[in-house]
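Same chain, two forms, each on its own as structure tokens: structure 1, then structure 2.
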Structure 1
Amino acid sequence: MSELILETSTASMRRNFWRGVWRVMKRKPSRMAGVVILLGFTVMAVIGPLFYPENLPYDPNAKYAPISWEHWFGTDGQGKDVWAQLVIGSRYVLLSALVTGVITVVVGAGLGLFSGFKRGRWDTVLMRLTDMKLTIPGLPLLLVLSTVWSFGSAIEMGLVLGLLGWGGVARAVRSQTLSLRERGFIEAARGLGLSTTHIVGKELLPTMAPYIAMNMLVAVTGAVYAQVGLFFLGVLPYEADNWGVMLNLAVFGGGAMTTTAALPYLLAPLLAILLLTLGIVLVVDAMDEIFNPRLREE
């Protein structure tokens, strides 16, 4: 009977949670705009490249052609359409960022939840492991790895970035878990003798979902900056379509900083990164209010 009451209470909390999410999203139109932006980039990355050939055609007679209805962002130094390159490159950027976010959340949140709930020796061991991870400098390690690894696959890039970025999430989730651990519904679940897996997966995780989702979006943003920056600096070979490669070629190959001919080639990926970041920030704003009830407006 007690288990039935607990399950009913949990189901009611979940329904109220999703209703609250919808109210928070509707409260500010900018938040819905953020969702639309992220959905737009997702569609572009999944479907967009299907409309273009594997090797884009180029026209030597149309180098750095100006913006027109035929070429929305002009062409590059080989006469290739910049918009097509932007769409094709979005798949690598977003897929690697998504893989990074998933790995960061799965590893970081998993360790944080388990460590914060179990306490004792498990907590000590896992947090010392996390502290060791946080001391590893990410950028220098990536530069070293780039000498032996081309990162031609988006999944490879996301895997490496994810394994380098879970430490902060583990620490943050552990802190939240320590606070929730003493709540009444967790004490009731423990009093009923429910397993650790059940309590963490069915009680703690749904409560922590907004906070974990917010951390995932932040990890996605960091992954976009990291990979684009590596390709822009030229430390990775140009074996993948990427916005960072476009920035590198526009600045160092087309002289976009000194001439206006290659400026659209530079602005296209910059605007895409800015718009993607804006969408993530708007959604994170909603997640922040969902997670922190004190920020909810009456």
Structure 2
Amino acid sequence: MSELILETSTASMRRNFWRGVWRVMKRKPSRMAGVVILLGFTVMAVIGPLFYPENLPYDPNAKYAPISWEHWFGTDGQGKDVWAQLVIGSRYVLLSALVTGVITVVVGAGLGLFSGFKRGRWDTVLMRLTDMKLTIPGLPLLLVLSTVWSFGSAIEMGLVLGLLGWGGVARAVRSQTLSLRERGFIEAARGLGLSTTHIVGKELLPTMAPYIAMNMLVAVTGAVYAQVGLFFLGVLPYEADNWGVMLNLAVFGGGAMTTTAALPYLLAPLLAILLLTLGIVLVVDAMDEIFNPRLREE
């Protein structure tokens, strides 16, 4: 019983997880900035479009208007406010990202768990499949697919990207599952006769949640970029107020790479993507440190 005497001091020494998160965040202000940026984009996507009418006002006499108080990023070739389009477009981007994220996690984590947990033949088959999926170049495949499917809505878009993007998560989750299996507690749970549902749901998933989240973020980022990129290439049907379409119109319609008039139109989505990336990078950087003791500096 005397082992307990020192308990209190140990407990106080051990930082609880969230406090650890807070500490990691606090140490570098850049990480806070990352969270703020991501929150900002979320707010922008969720409530931003509500501030604008369904059809943005246009002014045929103010095509490619320069930056002004009225038009933060000028106007496009229709004389519509670019900033407003950016805000409205963020919803598509983030919604499809959300769908992609959910699918990547459900499919990727599901398959990864199953594969790592069952091992044996199933594992071999599934991992060969995943390898194959990872080998097939995503963007060219999307290019080819874009001719077969028309990605009508953000949700459809996210669906396809999700179905194409689960490979990385699956592999990561599988290897994590395999390494956790080696940990005694999974084996112990099986030895105690606990159900597979319990083992997966209560033992494995919570342990891996942060890891999955990180991989998901990476997968989602890739998907967002692929999506905007496809619109930029112009192989997908036109969507009003879409970031990729904005890029496309700015470059191939507005001559943004030739003259300066359409430059704000080009830069707006570019900067938005840059900022979004920065936000994600900063958050992942923080996550990295929270979950990877190797990188946890003194």
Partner chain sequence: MTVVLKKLAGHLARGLVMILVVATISFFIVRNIPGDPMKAALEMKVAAGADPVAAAQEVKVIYGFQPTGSMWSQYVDYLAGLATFDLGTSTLHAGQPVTEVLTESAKWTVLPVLLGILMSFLVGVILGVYAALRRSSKLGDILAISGSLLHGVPQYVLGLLLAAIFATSLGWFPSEGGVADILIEPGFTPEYIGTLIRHAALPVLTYALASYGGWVLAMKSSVVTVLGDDFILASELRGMKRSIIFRYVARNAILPLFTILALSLGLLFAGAVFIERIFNYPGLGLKLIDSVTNRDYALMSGAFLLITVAIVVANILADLLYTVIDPRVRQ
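Here, residue number means position along structure 1's sequence, counting from 1. Quick caveat: nothing in here was measured; it's all calculated off a predicted structure. For the two forms, the rigid core is made up of the largest set of C-alpha atoms that agree within 1.5 Å on superposition.
- Between the two renderings of this chain, the form predicted together with its partner chain is found in structure 2; structure 1 comes from elsewhere.
- His71 is not among the residues whose C-alpha shifts by 2 Å or more between structures 1 and 2 once the rigid core is aligned; its shift stays under 2 Å.
- Positional change of Leu142 between structures 1 and 2 reaches 2 Å or more at the C-alpha, relative to the superposed core.
- Relative to the superposed core, Thr124 undergoes a Cα shift of 2 Å or more between structures 1 and 2.
- Comparison between structures 1 and 2 places the CA of Lys133 3.6 angstrom away from its other position, after core fitting.
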